[in-house]
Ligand SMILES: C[S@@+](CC[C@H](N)C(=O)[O-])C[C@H]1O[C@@H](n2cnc3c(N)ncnc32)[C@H](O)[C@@H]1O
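Consider the single chain below, provided in structure tokens and representing the form predicted alone.
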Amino acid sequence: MRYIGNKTRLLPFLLSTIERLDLAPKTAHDAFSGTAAVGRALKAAGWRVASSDLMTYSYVFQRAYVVAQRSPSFAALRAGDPELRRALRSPSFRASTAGTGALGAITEYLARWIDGERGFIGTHFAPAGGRMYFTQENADRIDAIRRRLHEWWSSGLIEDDAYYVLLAALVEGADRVANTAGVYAAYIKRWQANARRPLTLKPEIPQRGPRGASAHRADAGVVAASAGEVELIYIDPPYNARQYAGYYHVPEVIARGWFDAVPVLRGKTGLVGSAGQQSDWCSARKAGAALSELLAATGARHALVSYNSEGLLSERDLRDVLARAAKFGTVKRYSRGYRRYRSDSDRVGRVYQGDRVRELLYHVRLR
């Protein structure tokens, strides 16, 4: 998923820094999980991961990529859904899914064999609702798949892991055909090439890792206080004033489903209420205190803090907070330049200029 602050390209830098610090894989808290890229990497490296984020779509990714341990079997679904059973017997369906396994077959069924239907996305985020986030065909298919997943899960035909693996594939598939520049604060006023493509689902087969991983849709400080002693807390907070609840409200709507309580949308972009999802880290006035409180709440022995050279907190202020929390006041800094994520171009008045930025990674020993 296209995401501000995604650490996928910086994972080698992060993992090599952990090796340089000689931190053996134990328990880690990925405090601002986002797309769960870091949680996945830590899991693969042998860490038992507790991840957290305020956003529901992040919780979906955490469940699919960090918590799930094996590919679902879908035995109960095959037995309990007559329509699916008929599709599975179809020679053309069997030919199209040969060698894909159970997960591939279910994905093919959702993506190509069920009819689209007009639901919340098609009504509000497509031309029928006066917005151009998705073509009408893709929006109606997103609605049909989302409802089918909800019905399967709520009736017990699929277990939690299967539900979140498929839902994560839907959120990411929708992002690939979204008519945006990468964030959902606005849609493009003409159809881009990617938006014209049909929706596809590409689920990730869950990988095994240490048992006991957990996912949390909650404030990082609350999770840190309840997690007890851990070896490492990885802190990758928002760096600027952009609230993720506003920049990714459409993935949030897809992740939540809104089957019980339909939200009231506002504005040209169809923003939803974001109570409890506004972050103090997006305020220059509050970010320092938020970091101090999180470091005080965690039971971690070590903290790694990702920030960048254009963040709301100055390097001096950030170091001061870290030094006050650190054992003996020692703060180590590691740095790596990278190509920034861009959703727009340079212009007069743009705060962030140029394509290069530096990722700053700070280490402190807390206890």
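Note that this is a predicted model, so its numbers are computed, not measured. One rule holds for the numbers: they count along the sequence shown, beginning at 1.
Beyond the structure shown, there is the form predicted together with the ligand, which is absent from this document and is the topic of what follows.
**Report entry** Stretch in contact in the model of the complex with the ligand, which is absent here, among 92-100, 152-160, 185-193, 230-238 (heavy atoms within 4.5 Å)
**Finding:** Looking at the other structure, the answer is 230-238.
**Report entry** the ligand contact at Y133 in the model of the complex, heavy atom, 4.5 Å
**Finding:** No - in the model of the complex, heavy atoms of Y133 and the ligand never come within 4.5 Å of each other.
Query raised in the report: Applying a 4.5 Å heavy atom distance criterion, does T298 contact the ligand in the model of the complex?
Result: It does not: once the ligand is placed as it appears in the model of the complex, T298 has no heavy atom within 4.5 Å of it.
Query raised in the report: Heavy atom to heavy atom, is A218 within 4.5 Å of the ligand in the model of the complex?
Result: Taking the distances in the model of the complex, the answer for A218 is yes, it comes within 4.5 Å of the ligand.
Query raised in the report: Just to confirm, L54 within 4.5 Å of the ligand in the model of the complex by heavy atoms?
Result: Contact check for L54: yes, within 4.5 Å of the ligand in the model of the complex.
**Report entry** Contact set, 9-34 vs the ligand in the model of the complex - heavy atom within 4.5 angstroms
**Finding:** Residues within 4.5 Å: A31, F32, S33, G34.
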